[in-house]
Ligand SMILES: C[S@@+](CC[C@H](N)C(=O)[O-])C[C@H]1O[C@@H](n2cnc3c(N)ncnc32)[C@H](O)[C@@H]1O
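Encoded as structure tokens, the following chain is the form predicted on its own, with no partner shown.
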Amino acid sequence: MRIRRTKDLDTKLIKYEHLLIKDPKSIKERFDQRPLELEIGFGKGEFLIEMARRNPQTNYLGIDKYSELFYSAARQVGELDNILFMTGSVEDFLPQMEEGLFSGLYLNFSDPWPKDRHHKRRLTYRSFLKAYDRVLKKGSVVQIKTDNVILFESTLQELALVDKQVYDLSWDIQNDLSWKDSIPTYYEKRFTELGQKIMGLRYRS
């Protein structure tokens, strides 16, 4: 994703500081007792915010590297009281998070890192999958969507290596009834308009 720099970003972010978690160890205390689900790589925020709107009985946390994306997402939150964000490296955050913290995980259109030498950077590489298991409650659903065949095939291989059973596997979710209620992201809509097929899978932690 190409990030457009925002002029005077630090000043503009002050208004939305209440939506930002800076310490991974404080996640639990920032939310109430509703179940908490996580999206890694929230992009423009449309997926996570729509999830929060549709499911007021659930809390949501979004993590992305870029403050510009947090600013874009935060401006859409409005009166929602069940969504917060973090900015920075998920590799750094995950080891500091409490075990069994989340009840669900979403990976939407993660960076595919298509070159073989970069395969360990993919968010579905085995070390990440094991890290997710630690912070997810047993039996939590993990949902992955991508337009990249290399990433999708690699993900299936990595899941098999860590003994995860995939269900709702689809090579074209637009034409798959089991995915009809899936909320599309901004880029998913663009890819679909260009005729690109979107792949998806779900598994349980």
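One rule holds for the numbers: they count along the sequence shown, beginning at 1. Model, not experiment: these values are computed from the prediction.
Quick note: we don't show the form predicted together with the ligand, though the next part is all about it.
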_Given that the ligand is not shown alongside this chain, does Ser182 nevertheless sit within 4.5 Å of it in the model of the complex, heavy atom to heavy atom?_
no
*Please run the contact check for Phe42 against the ligand in the model of the complex: heavy atoms, 4.5 angstroms, yes or no?*
yes
*Closest heavy atom of Tyr16 to the ligand in the model of the complex, within 4.5 Å or not?*
no
*Should Leu69 be counted as a contact of the ligand in the model of the complex, where contact means heavy atoms within 4.5 Å?*
yes
*Of Met97, Leu129, Val90, Ala74, which residue is found within 4.5 angstroms of the ligand in the model of the complex when only non-hydrogen atoms are counted?*
Val90
*Sole residue of Leu36, Ile63, Leu159, Val142 within 4.5 Å of the ligand in the model of the complex, by heavy atom*: Ile63
_Neighbours of the ligand in the model of the complex among 182-199 [non-hydrogen atom within 4.5 angstroms]_ = Thr185, Tyr186, Tyr187
